[in-house]
Every structure is written in structure tokens, then in C-alpha cells.
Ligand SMILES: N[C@@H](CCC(=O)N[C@@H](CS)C(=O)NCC(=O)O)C(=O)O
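In the form predicted on its own, a lone chain appears below as C-alpha cells.
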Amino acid sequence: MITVWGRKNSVNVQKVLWALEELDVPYTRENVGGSFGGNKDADYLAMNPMGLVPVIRDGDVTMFESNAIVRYLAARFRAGVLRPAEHQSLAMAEQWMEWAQVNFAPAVGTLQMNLIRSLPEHRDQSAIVTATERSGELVKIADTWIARHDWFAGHDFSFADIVMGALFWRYAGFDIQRPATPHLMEWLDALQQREAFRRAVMAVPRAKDLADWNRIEKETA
């Protein structure tokens, strides 16, 4: 059985849990990081020297970095379910996974840290404006793509939808001005029909502020 270290309200942990749920792979989870701590302990740092979540252990394999973990799980279990077997679909899945991590995730992370995980007096308003503008530009790009495809890899759901979906779900909950992205919203509606998404992502309420974040973290332990 796979062990996952990380708290359930971490978007990076949610990616991994969602992948495991889609693949029907049994796992156990240990609360680490955030208010639970433990991520700076020597034993944990031996698994992930960055001191971040998640980490997984699968037999003799221990690894960190959420996107790498999702890729590993998709290749290791139930071939073709999350990792496209056809080379063109695989190329699309890989490119959007990278796009999400390199472009979209930093903007979403800046908004998360300032709008949710900081007190109002500690928020960087300039960073919020910049990240709001940047994320708006990016979701319009993604909306144009998904308007022509059922999923980010084309016809079939893939690990690209997991990475994009976890981030976009969080982004859609921010109290900011967002451009109209009707095709992404249809895609998000489709994600919400997936039981694995509901269990791994939607089961953790989106926080409105720091107090709400801390409460949810404890309640979803």
C-alpha cells in the first residue's frame, strides 16, 4: 500500500490523492505540513530535503514533487488510464502539465498566499494585482484550447486534467475579477462529475481567509 505524507488542503497533495483515487490504488495518508508540522523533522527531510509536501512511498520507491509523483503513478498503475498510450495525446498531456506548473501555478500560488493565507494587513496588493492579471491572461489561453478538445490531452481524461483541475478549482474560488472562460467552466463541470475529484479535491472546502483556512485544515485532517 502506498503512503502519502501531506495535509489534505494542499493543492499539490490533492493532485496525488486524486490520481490515486482515479487509479483505484489503495493508500494511507499522514498529516504533515502546515499546522501539523513534521516537515522539518530529520526523518522527513531524509525523504524530501525541500521539506515540502507531498511525499509518497511505494515499496522501495520514495519520491517527492507532485507532478513527478502523478506521472509515476500514471505509468506504474493501470496503463492508459491517466497516461495516454497514443503519442499525440501523450504529447498534449505532457505539455499542459508543464504549462500548468510553470505558468499557472505561480500565479495561483501568489493569490493563495496573499488572499487566503495572509492577514489583510500583510497582503501584498501589488502582487495580487499582478497575479490577477497574469492568471486572467493564462486562463483565456487554456479556455481557447479546451474549446477545441474534450480534455487537455484531446479525447480522453489524463494526468494533465488532474494538475490543471486542482489548480483551476482553487483559482475559481478566489474573490477576484476573472475573465469569462465558458469552456473551462464546462470542463470544470465535467470534473465535478468524477467521484475521484469529489473525494480528493471538492471534499476540502475552499477557504475564504486565513481563519477559514486554519479551521478547514484541522477539520479535514
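These numbers come from a predicted model, not from an experiment. A residue's number is simply how far along the shown sequence it sits, counting from 1.
One more form of this protein should be noted, the form predicted in complex with this ligand, which is absent from this view; the next part is about it.
Colleague: Which residue, Glu65, Asp58, Asp156, Glu30, has a heavy atom that falls within 4.5 Å of this ligand in the model of the complex?
Modeller: Of Glu65, Asp58, Asp156, Glu30, the residue with a heavy atom within 4.5 Å of this ligand in the model of the complex is Glu65.
Colleague: Within 4.5 Å, heavy atoms only, which of Leu52, Met47, Ala172, Ala196 is in contact with this ligand in the model of the complex?
Modeller: Exactly one listed residue reaches within 4.5 Å, namely Leu52.
Colleague: Verify the contact flag for Lys8: yes if a non-hydrogen atom of it lies within 4.5 Å of a non-hydrogen atom of this ligand in the model of the complex, no if not.
Modeller: Close contact is absent here: in the model of the complex, Lys8 is far from this ligand, nothing within 4.5 Å, heavy atoms only.
Colleague: Give a yes or no for Ser118: in the model of the complex, does one of its heavy atoms lie within 4.5 Å of a heavy atom belonging to this ligand?
Modeller: The answer is no: Ser118 has no heavy atom within 4.5 Å of this ligand.
Colleague: Is Asn114 a contact residue for this ligand in the model of the complex, using a 4.5 Å heavy atom cut-off?
Modeller: Heavy-atom contact with this ligand at 4.5 Å: absent for Asn114.
Colleague: Does this ligand come within 4.5 Å of any heavy atom of Asn103 in the model of the complex?
Modeller: Contact check for Asn103: no, nothing within 4.5 Å of this ligand in the model of the complex.
Colleague: Which is the contacting stretch out of 177 to 185, 30 to 38, 148 to 156, 161 to 169, given heavy atoms within 4.5 Å of this ligand in the model of the complex?
Modeller: Contact-bearing stretch, as computed: 30 to 38.
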